[in-house]
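Form predicted on its own, single chain, as structure tokens, below.
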């Protein structure tokens, strides 16, 4: 039995790349197989990852649901089922599968999910910091001095001083890693706040403005947290690489 026919039951309606079937020119009405010629249809490149996997634009998602939707669509688009099809169908299956895989990987990881939502809602995932967060400014400067001293001790083969500095840098790393965990805890709290706001329906124009302001405030804090987290992660990675 043809793979398209096997999956011709109830399907998630997805945005197609075009409104007419590329093969028979019949109208395409949101299904990923043409109802007339049963040819697989290309998904729109504008399709966002939440819609691609049939999920609302929320940050707390059920991973089991995500996986179930992913595997269901994977069976429809997997290139293995198109090995004996035309070159056009093989290309479409590859491109659809690539989009689906990227969507799944992005939404499965909570940090990538938050960055992607920011990109959708605010136009950019995050602004990477080039200077330390204000509340860690002095600690980061002291750490950078310790790193330079450690590198100098390495060059001078000063083993005693090297071990003392390594111990100090280990403590510094643990402090930064704890700070990262605190940032992530706050980030996950904002997930719940976002989902609550996203689930509301504004009945009046004034309520709608307040709702938008609330969302914007959440997005702003999320961007700041993600930027700070990335900055700290880069510092920690530098620490690990230097002292390894």
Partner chain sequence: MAYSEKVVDHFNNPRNMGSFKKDDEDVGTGIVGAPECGDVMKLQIKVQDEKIVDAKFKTFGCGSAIASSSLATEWLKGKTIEEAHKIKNTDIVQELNLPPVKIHCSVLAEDAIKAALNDYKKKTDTKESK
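Positions refer to the first chain, counted from 1. Because the structure is predicted, anything quoted here is derived from the model rather than measured.
Below, we refer to the form predicted together with its partner chain, which is not included among the displayed structures.
Going by heavy atom distances of 4.5 angstroms or less, which of 174, 80, 145, 109 would be at the interface with its partner chain in the predicted bound form? Exactly one residue meets the criterion: 145.
Of these, 120, 98, 141, 155, which has a heavy atom no more than 4.5 Å from its partner chain in the predicted bound form? For this set of options, the contacting one is 141.
Within 4.5 angstroms, counting heavy atoms, which one of the listed stretches 70-78, 131-139, 87-95, 163-171 is next to its partner chain in the predicted bound form? Residues of 131-139 come within 4.5 Å of the partner.
Each of 227, 230 and 234 within 4.5 Å of its partner chain in the predicted bound form, by any heavy atom, yes or no? Affirmative, all three are within 4.5 Å.
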